[in-house]
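Taking the form predicted alone, here's one chain by itself in structure tokens.
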Amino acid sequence: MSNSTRTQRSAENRPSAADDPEVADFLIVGAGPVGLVTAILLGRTGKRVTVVERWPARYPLPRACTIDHEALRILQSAGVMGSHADLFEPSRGERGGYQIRNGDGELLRAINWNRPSESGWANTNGFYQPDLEEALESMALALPTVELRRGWSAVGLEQDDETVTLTVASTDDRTQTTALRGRWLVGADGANSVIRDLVGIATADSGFEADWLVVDYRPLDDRPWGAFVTQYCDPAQPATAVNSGPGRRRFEFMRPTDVSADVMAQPETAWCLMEPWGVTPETARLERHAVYTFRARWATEWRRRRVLLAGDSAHLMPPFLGQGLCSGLRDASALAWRLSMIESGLADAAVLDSYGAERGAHVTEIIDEAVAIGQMVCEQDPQKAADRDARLVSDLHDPDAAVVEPPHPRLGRSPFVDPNDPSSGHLSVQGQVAVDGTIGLYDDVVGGGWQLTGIDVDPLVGVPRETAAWFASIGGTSVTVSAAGALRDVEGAYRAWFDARDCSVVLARPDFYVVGTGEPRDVARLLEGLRNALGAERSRPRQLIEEGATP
């Protein structure tokens, strides 16, 4: 049986709900960045997407304010960066851009947020979330396949073998209800997720908890800003200073035990705490001040049958590494390629079992590191703080300990991660390439999706024709990058990446993670392994109601 026949038969076996015009391919609850990016990625494939958001209008004030290179590449894949790259301000500053100092201002440790990244974008960036959400909403609504329903809250959910039925009520009038149907539902509705509660998914908690005042302001003077982020480990008043995007800054202050949350939330408190840094009503305009409880929590499951969690509904972390939104966008990208391939008949629904396994392990490592920094910063015992300072100051004499790398977790175990390949499950590379006089980032010039890239070699040489045709049928691209060939490695990023891994071929996924590396002789094996992992050609019926694996 040919591959085209198998694919056609898989599509013909699709349950009848797939052809019902009253049933969306995907329901998404939550119109924050994670929900909107998921909608855009799915909508761009021609799938019908309905987004439900309880608030009638976008939240007008800042929340997340840092975003990393991988998240920007995800936004690039959604079409955002071509017109909106100016929304993001790259990290700058000495000693890596992220500094941890004691109460006397003495440097204790630095994290290299200024390192060259794998993704072709600045490693870490500040941004203003309302501007990003405005751009994302505009792009989502420009897609004819995406519908946004604002002012509706999820109140009920039922599933059967073919669809999810979501009952929503008007946020302004809870007696006004309606039912929406979709083949899949993504709950991207935040830390207090209604969807998570409706399907009965429990959460686990690290035990870390601390109240902090978050103050966003616009500076009215041109005073220099040192490190991109500085953590002040002062036991008398732990604090954080953040470059929160073009023309904006943020301070965060831990609430002392003898100060109530109400007092902490007063604007006078914010001005008093910022005054030592010269931030006063004469030098700044206050945009927002609110007390938040920083904590670490995660869902024990990422999937219940046709319902999947993404973003803060699946994981919550303290903001000390600026990875909360980044992790949510990784969820969006990981879900989008799986769901679109399932609904196109190119993958079996079992690929969703790997979603929680991969993402759960990845985000747990980031949560653990964020909590470790939080515990360091939040120490209020003077003697313990002095012991900490002495230990970290001694490390400054060791360059490897003084400036450390941000976390680079590997995806959790799955059929798409080869435990015998140290590169598998880590990020692939994107650099500047040139072809026919056009210079740009690889994904823009060559294309995203499944990428098979060789350095100075044709990655498909010796691959059976039928296997190569199958790879093309799932949207795979195969190219040769070289210093002087048709597709030129402009800045040497590809040569450096391949040399560091002692390989000449890489197979990467639509969410930019490496499936496998090797030489041309390994490509047929890599592609057949991918084909088997996707499972689109299994003869069994598509089982769409399997329980998701707990990571």
Ligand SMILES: Cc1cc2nc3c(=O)[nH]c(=O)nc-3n(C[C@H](O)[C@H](O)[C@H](O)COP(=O)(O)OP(=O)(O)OC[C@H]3O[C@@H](n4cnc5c(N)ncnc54)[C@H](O)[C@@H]3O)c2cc1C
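Bear in mind the structure is a predicted one, so any value in this text is a computation, not a measurement. In case it trips you up, residue 1 is the first one in the sequence shown, and so on.
Below, we turn to the form predicted together with the ligand, even though it does not appear here.
- The candidate site formed by Ile100, Pro238 and Arg410 is entirely out of contact with the ligand in the predicted bound form, as no residue has a non-hydrogen atom within 4.5 angstroms of it.
- Under a 4.5 angstroms non-hydrogen atom cutoff, the ligand in the predicted bound form has Tyr292 among its neighbouring residues.
- Residue contact check for Pro319: one or more of its heavy atoms lie within 4.5 Å of the ligand in the predicted bound form.
- Contact check for Ser91: every heavy atom lies farther than 4.5 Å from the ligand in the predicted bound form.
- Although the partner is absent here, Ala64 is a contact residue: one of its heavy atoms lies within 4.5 angstroms of the ligand in the predicted bound form.
- Only one of 388-396, 185-193, 429-437, 415-423 places residue heavy atoms within 4.5 angstroms of the ligand in the predicted bound form, namely 185-193.
- In summary, among the residues Glu252, Asp353, Glu287, Asp211, the only one with a non-hydrogen atom within 4.5 Å of the ligand in the predicted bound form is Glu252.
- Taking Val514, Val505, Val34, Leu526 one by one, only a single residue has any non-hydrogen atom within 4.5 Å of the ligand in the predicted bound form, and it is Val34.
- Contact residues in stretch 322-339 (any heavy atom within 4.5 Å of the ligand, taken in the predicted bound form) are Gly322, Gln323, Gly324, Leu325, Cys326.
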